[in-house]
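Here you get one chain, nothing else, as structure tokens; it is the form predicted alone.
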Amino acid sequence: MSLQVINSPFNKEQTELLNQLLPTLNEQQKIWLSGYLAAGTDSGSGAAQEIEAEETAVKTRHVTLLYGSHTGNCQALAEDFSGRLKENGLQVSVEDMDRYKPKSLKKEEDLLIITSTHGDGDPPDNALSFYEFLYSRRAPKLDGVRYSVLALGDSSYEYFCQTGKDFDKRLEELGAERFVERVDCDLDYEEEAEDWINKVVHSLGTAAEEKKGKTAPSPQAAGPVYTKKNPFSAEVLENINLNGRGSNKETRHLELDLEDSSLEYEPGDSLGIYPINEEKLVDQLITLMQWDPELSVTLNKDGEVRALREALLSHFEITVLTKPLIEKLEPFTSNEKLQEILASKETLQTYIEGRDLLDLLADFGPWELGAEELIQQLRKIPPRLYSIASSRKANPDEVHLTIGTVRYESHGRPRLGVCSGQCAERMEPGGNVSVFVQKNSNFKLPEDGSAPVIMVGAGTGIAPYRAFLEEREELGAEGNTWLFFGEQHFTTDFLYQTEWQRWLKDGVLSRMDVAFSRDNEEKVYVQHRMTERSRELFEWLEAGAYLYVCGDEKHMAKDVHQALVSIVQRESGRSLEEAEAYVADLRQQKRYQRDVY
């Protein structure tokens, strides 16, 4: 579409300007322009006023959204919510707390924080520096800054959502104004997070509806999009026990078919599995309460209905006791012993350890509790996240997992991990399981394939390193790689032994140190092997190596961290404080990354 000068009321310069403009307009802009022309050119009339109103709407306060994320949930929410805020006419910047310059805080206008809590109330790794700054004497006064906090956590932990609570409290102490109350979310966080962002959008007072009406609809995807809310049903291709006969452990290697799913992942990402509760446990619970397994119960606010047995099998958590759940159920029993347990923090923690919902209902009857009432008190069964043990480049349309089976005896009953037990006993090749990909930008290989890589893992913490080496082999990466691996016994627990040996032979893996803790009188762990190789390890770090740690957070990861600080202190001659600062700097450079649980 272009204008011709002949018989046109426009001169040549005007025609050229119009011909430059018109091809760049979409259909909505053309319709708006025609309305503008129809309204006349009086500068004080409707069209000109509409332009002025739109320009004014754009001049909104700036929103900064910071996230502290361990598994990737907070990052995903931050990215999703930033899009929502932009749709509502706001200027938004989204930043990983590790990359944010905290001295900029005093310049902020509207500050949104989305954070998880890690371990025993600790900030996630990528939030540590920001957290420490906020609680230091260098933290500025924040008068004039408005803020709100969304906290993610797990109510089965004592310090539920502690990091979010700490941020909320500290920002208020520094003079910032809370414009939307903090929301603390449990594992089933989607609805509460949605309510929070809706309140934020409303409170910021943007021209949301006006702008939405002028936003072109986004194109529809060619096929279904599989996400956490809409998981993909993956077929089980292989399910193998990696441990040898006589081992104290059972570690399953799963291979799942992702063909036609369009799911994409990178080494370092996790796969989420929606597990199903053990049928025996569900039937025992229903029998104890003398309920009809086919009784219809309501699943959610949308009014979805399922049979009671199906609901307890596939939709609700029954294997974990939490203080909030016990407090919700306490009014339904006249048994005073439950009140006594709730009155003492120590007694409650002792009771919760190793028990489940069946124990609670058996121990504190009689109950005036119907099936529907029970369902309303339970939280949804959360997905389990497992580090992916394969490279998509090496295994197109597949994903591999390494899952340790949890089995133990407690309070007179054998217990089985919900998802690991399902994988071990009820997940045969040919069956299906509901899955989704959980991105994890905090555990990624360096973009530079020539950079050295040090990998430290124990038990199933070996999983992501199998993915790392498969990926580097496919890419032909030339950087040196060093693996520290620990387990109980060499003969029965050397997971993926032949693969590591092949990679050593082919040069994909440069060196490997192993620690089998139960093969000698004196227990030896990965941190001991690191200390034995301290000179070489520090030289690798000085040469730009990236260090990764995957495994148990409470013991292994803490011990490895301490060993790392000690190695830096010893080999560089730094003081303890200087060595800790060196390690902290590695973390900020993304050269020290952890995937711990």
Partner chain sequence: MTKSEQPSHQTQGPPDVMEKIKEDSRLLRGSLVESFQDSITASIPDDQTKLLKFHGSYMQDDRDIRNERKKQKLEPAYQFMVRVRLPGGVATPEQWQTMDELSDQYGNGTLKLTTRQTFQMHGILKWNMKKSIQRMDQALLDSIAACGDVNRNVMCNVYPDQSDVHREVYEWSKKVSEHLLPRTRAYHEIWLDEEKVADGREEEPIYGPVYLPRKFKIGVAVPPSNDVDVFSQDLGFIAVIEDDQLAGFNIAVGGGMGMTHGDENTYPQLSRVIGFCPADKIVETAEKVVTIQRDYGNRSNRKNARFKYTVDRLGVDWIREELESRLGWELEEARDYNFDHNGDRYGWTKAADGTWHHTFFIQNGRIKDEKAYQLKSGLRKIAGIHEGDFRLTPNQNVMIAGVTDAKKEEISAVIDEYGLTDGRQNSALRRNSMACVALPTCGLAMAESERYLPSLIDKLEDILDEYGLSEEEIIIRMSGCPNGCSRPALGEIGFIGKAPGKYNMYLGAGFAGDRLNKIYKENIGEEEILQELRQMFKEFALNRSEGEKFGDFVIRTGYVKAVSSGTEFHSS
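Numbering follows the first chain given and starts at 1. Please read all numbers here as calculations on a predicted model, not as lab measurements. What we label the rigid core is the largest C-alpha set whose atoms superpose within 1.5 Å from one form to the other.
Separately, the form predicted in complex with the partner chain exists; it is not shown, and the next lines address it.
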property	result
Listed residue (266, 154, 359, 184) with a non-hydrogen atom within 4.5 angstroms of the partner chain in the predicted complex	154
Option touching the partner chain, based on a heavy atom within 4.5 Å in the predicted complex, out of 422, 517, 129, 261	129
The partner chain in the predicted complex: contacting segment from 168 to 176, 365 to 373, 189 to 197, 504 to 512, heavy atom within 4.5 Å	504 to 512
Heavy atom of residue 240 within 4.5 Å of the partner chain in the predicted complex	yes
4.5 angstroms heavy atom contact with the partner chain in the predicted complex for residue 253	yes
Residue 280, heavy atom within 4.5 angstroms of the partner chain in the predicted complex	no
Interface membership of residue 135, the partner chain in the predicted complex, 4.5 Å heavy atom rule	no
158, 490 and 498 all contacting the partner chain in the predicted complex, non-hydrogen atom within 4.5 Å	yes
Contacts with the partner chain in the predicted complex - residues in 364 to 381 whose heavy atoms fall within 4.5 Å	none
Residue shift check between this form and the one not shown, rigid core fit, residue 153 Cα at least 2 Å	yes
Core-superposed C-alpha of residue 128 shifting 2 Å or more between this form and the one not shown	yes
Per-residue C-alpha change between this form and the one not shown, residue 319, threshold 2 Å, rigid core fit	no
Closer or farther in the predicted complex, the Cα atoms of residue 117 and residue 422, when the shift from this form is 3 Å or more	farther
